[in-house]
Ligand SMILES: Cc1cc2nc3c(=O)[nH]c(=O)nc-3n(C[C@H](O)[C@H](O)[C@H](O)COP(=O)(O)OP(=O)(O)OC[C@H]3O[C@@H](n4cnc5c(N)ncnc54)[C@H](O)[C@@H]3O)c2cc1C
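Take a look at this one chain, the form predicted alone, written out in structure tokens.
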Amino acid sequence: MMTLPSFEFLAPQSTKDAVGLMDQYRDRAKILAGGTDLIPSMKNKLFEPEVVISINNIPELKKIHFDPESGLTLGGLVSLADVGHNPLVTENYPVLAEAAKKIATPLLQNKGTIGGNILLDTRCYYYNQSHFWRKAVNNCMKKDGDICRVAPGGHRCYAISSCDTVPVLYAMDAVITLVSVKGERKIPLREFYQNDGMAFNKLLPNEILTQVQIPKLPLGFRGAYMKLRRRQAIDYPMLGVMVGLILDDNGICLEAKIILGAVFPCPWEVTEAQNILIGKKISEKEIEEASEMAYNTAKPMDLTNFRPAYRKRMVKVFTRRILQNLSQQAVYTEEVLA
């Protein structure tokens, strides 16, 4: 039976107190929100913090607010269940709601949070194992080792981004708020991640994610997210594909976003595929070319229990399916967004 390591538990009542504690302990502390990833990781000795700081007693982090002009604001502690089922989200950002409902099970969605999903650790078959298993293979670069088991000749970690809401938020130009004792900073999500399985985001050791802000969707926006996993519940994504389009009244594509998740250590925007669609009325020709470009861009490695070649092939399948569906949908109107 795997047990938790010893730690000191603190439960501040305000954001100010929480960031004060984070500034005091920094790398020796971990923030506890839903705990659906942190607790199992601590049992596997992936994280062994001296202090666990629960932020669950801070009510302002659980708020949802929608303004027809400025968009949606989610507190960092808003549960994935609320993201998936709250009318403010489902009626105005349905693709985000659908992505949240694809995460794990209803039980875990009630505990997991939007902030936790955004900050979710990268995953790899060689990393996300018990301490006993990892020790038997002499560990890996991401935890206690000196080489990447996926690419022993490489010089960095290739663990993949595995957060389902992030490709959607990325495509919708979401901005997150990070707070420390020095104040707050707002950073667009597309500037927050980096292509390194260990240093995969730009969160500082003394910061807490307090808000996610999603701007009002432009007229003509439509989007969809598809997820590859072995089971229809519980499993992390082996691949995620988000496509967002803005079409005018004549069906001409004004803007396109194609974001791949669970392929690289960060969400990956396939700009070449997007450029194929922009300025055109999307036909089977554009769909095939964009899907092929997404396929060529994806370079999954052998770090999940699906073969890389299959995951790569499904990039093309998912991209094509989504584009075929979106090109035939009715466009969102101002009344729907209001």
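Computed from a prediction, not measured in an experiment: that's the story for all the values here. Residues carry their position along the shown sequence, with the first being 1.
Not pictured, yet referred to below: the form predicted together with the ligand.
Contact with the ligand in the model of the complex, defined as any heavy atom within 4.5 Å, is confined among 106-114, 144-152, 250-258, 263-271 to 106-114. Taken together, Lys43, Cys124 and Arg307 are entirely out of contact with the ligand in the model of the complex: none brings a heavy atom within 4.5 Å.
Though the ligand is absent from this view, in the model of the complex it lies within 4.5 Å of a heavy atom of just one residue from Leu120, Ile246, Val95, Met172, which is Leu120.
Of the residues Cys140, Val89, Ile208, Ile176, just one reaches the ligand in the model of the complex with a heavy atom at 4.5 Å or closer; this is Ile208.
The ligand is not shown here, but in the model of the complex it comes within 4.5 Å of a heavy atom of Ile55. Under a 4.5 angstroms non-hydrogen atom cutoff, the ligand in the model of the complex has Asp235 among its neighbouring residues. The ligand in the model of the complex is not approached by Met242, whose heavy atoms all lie more than 4.5 angstroms from it. None of the heavy atoms of Ala159 is located within 4.5 Å of the ligand in the model of the complex.
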